[in-house]
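The chain below stands alone and is given as structure tokens, in the form predicted on its own.
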């Protein structure tokens, strides 16, 4: 409701466009992307369209807030909502940058090897950042250590030198869309693979690798 009040100036937009999200739906999309990114061990597909729309909406909210009379209790409520959204947005972007720094060669390799038509893992800005981070790390290693090594050891394979994301880590999730016959890998060699059904609204603790495609499709939400 707060978002609707703050963005009242946008109510005259063409409501017949089916692809236009309400402010509440947009913030819900951001929060979903934030939680998935926060709790997944790997870098997920970028949600730059959601980020850009949220930033645009924040601009509208700030402008509308300037027109509220000082001392109006509604102003403090709107300010709290703006601050909350800014926190979620900043945390989402920060989580992605931290993963890029931690797994940069694997992130770049995955981005550069994706098939034509596949969704981009990185935004253009993140891709530029990852490439620069790779180049700076490589230059630093050469200047500090590699030049002092024997000639046959003066190169380094970044993909081998930097650990990959641990996709076998366990994550908590909530099921948004019911799923049947999800193959679960055994935890020990003595166990067999088995299948489970995930009921809508149920919560589980599962190996991330098992449900990674469901996170990408939006069928489950990490929590």
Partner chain sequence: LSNSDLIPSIKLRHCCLLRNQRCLVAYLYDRLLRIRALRWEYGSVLPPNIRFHMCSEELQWFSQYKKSLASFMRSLGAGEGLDITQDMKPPKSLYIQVRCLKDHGELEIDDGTVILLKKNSQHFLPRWKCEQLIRQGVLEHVVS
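Residue numbers count along the first chain shown, from 1. As the structure is a computational prediction, the values presented were derived from the model and not from experiment.
The following text describes the form predicted together with the partner chain, which does not appear among the structures shown.
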Test of understanding: in the predicted complex, would residue 166 fall inside 4.5 Å of the partner chain by heavy atoms? no
Hey, in the predicted complex, is residue 106 touching the partner chain, heavy atoms inside 4.5 Å? no
Counting only non-hydrogen atoms and a 4.5 angstroms cut-off, does residue 118 reach the partner chain in the predicted complex? no
Counting only non-hydrogen atoms and a 4.5 angstroms cut-off, does residue 182 reach the partner chain in the predicted complex? no
Between the partner chain and 22, 67 and 176, in the predicted complex, does every residue show a non-hydrogen atom at 4.5 Å or closer? no
To test your reading of this chain, name the stretch in 24 to 32, 52 to 60, 168 to 176, 193 to 201 whose heavy atoms come within 4.5 Å of the partner chain in the predicted complex. 52 to 60
In the predicted complex: members of 107 to 125 within 4.5 Å of the partner chain, any heavy atom: 125
